[in-house]
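Laid out below as structure tokens are two forms of one and the same protein chain, each shown alone and named structure 1 and structure 2.
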Structure 1
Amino acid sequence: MKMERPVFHENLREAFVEITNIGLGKAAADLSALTERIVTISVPSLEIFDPGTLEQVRELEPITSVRINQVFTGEEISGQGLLVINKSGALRLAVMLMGEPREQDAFGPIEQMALLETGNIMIGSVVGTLANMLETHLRYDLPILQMKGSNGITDLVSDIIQPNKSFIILVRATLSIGEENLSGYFILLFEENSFNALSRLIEKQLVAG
């Protein structure tokens, strides 16, 4: 039986967004150091939705994407971090990362490895900041890079979430790099069993001041 979809109390919601925002700031600084360009990331939004009705958040731009996702697992919290960039942008990002011109339209193992490592660093920044601030510890799986023929968020996450779950906590932010008109998304997904732990750990930090 599916559980009722919960809501974060406003103070917890604000704290969760702020903690994620701090992690995203570090991730932006990391990406900026790697690309030697200014990286901006929007304030994240937080949504809780039923995976069976993903249409609710379909308003994400439909893009053919490169998705790097990495699972993290802890005793209390588990979820996934995703870095999503449209394919042409991912190619340009790979060129920036390697600092040398590559064969046009080539998206070979070297480019993929550069993007994988970048995704790993950015996800590590956001998730690690979250874990540090909530005083918990998480283990990481290896990051995975996939091309996704995307029609919005449905296609981006449908293969990595279980539709029988009652709800998914989704935190997302847009990122843009330099003046390259290169943008993408950073997404954190938590499954329903993380909700209570997240609430409790955030509350604990709020009480501790």
Structure 2
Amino acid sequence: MKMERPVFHENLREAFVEITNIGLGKAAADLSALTERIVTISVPSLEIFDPGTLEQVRELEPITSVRINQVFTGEEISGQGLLVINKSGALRLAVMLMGEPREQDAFGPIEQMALLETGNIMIGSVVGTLANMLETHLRYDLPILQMKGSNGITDLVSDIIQPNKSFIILVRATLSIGEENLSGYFILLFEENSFNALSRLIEKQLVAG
């Protein structure tokens, strides 16, 4: 049975953009305090994909990526937040965060801890902003870091979504520490019921505002 696609009007997309910008702004401030360096995170674009349009995000070259994902659950909405960076970029980010050079191509426990902390901060900030806006409480699992080979975004999430039932909010983000810039993806995943509940809650807030 083909799922009927919901209507996404511009105000709803703009609400997601605002939530993401506020959340990543908080994350940048927390990372600045952690590293004692100036950190900024910008959002070049944000797109919403439903199950009928997921194939449109198969646009990446075959790469090995570092994926950090964290599950969040609540009474009304549940989902996952992800930070996705290609392997070489993840190594650069770990060095940038630690502020000291490491052995070339080394990806050990220290680098993984630095990236897990970054993912935890970014996901917690964005999802926390969303929860505060909607006045709802969420619980968080511990973040998980994995290496994923992929031909596109959908390959990166195929093991953690239900086919034909999941929605993706895809954010292309640029993280800067000092003069170093790094591009990656911040992703929110929701199943159909949770995404529809999320949309209704946001619509309610927009009307009330």
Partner chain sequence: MAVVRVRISKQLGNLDPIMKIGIVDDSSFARDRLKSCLNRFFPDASFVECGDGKVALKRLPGEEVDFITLDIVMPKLNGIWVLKHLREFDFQAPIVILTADIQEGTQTICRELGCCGFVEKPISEEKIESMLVDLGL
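Just so we're on the same page, residue numbers count up from 1 along structure 1's sequence. Here the rigid core means the biggest group of C-alpha atoms that line up within 1.5 Å when the two forms are laid on top of each other. Remember, predicted model here, so these are calculated numbers, not experimental data.
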Between structures 1 and 2, the form predicted in complex with its partner chain corresponds to structure 1
> So, does D141 move by 2 Å or more at the CA between the two structures, with the core held fixed?
Replying inline: no
### Message
Using the rigid core as the reference frame, would you say P44 shifts its C-alpha by 2 Å or more between the two structures?
### Response
yes
TODO: Would you say whether Q70 is displaced between the two structures, judging by a C-alpha shift of 2 Å or more on the superposed rigid core?
DONE: no
Cα of L175, core superposed, displaced between the two structures by (Å) 5.6
Students should find the CA displacement of K26 between the two structures, rigid core aligned, in Å, to be 2.9
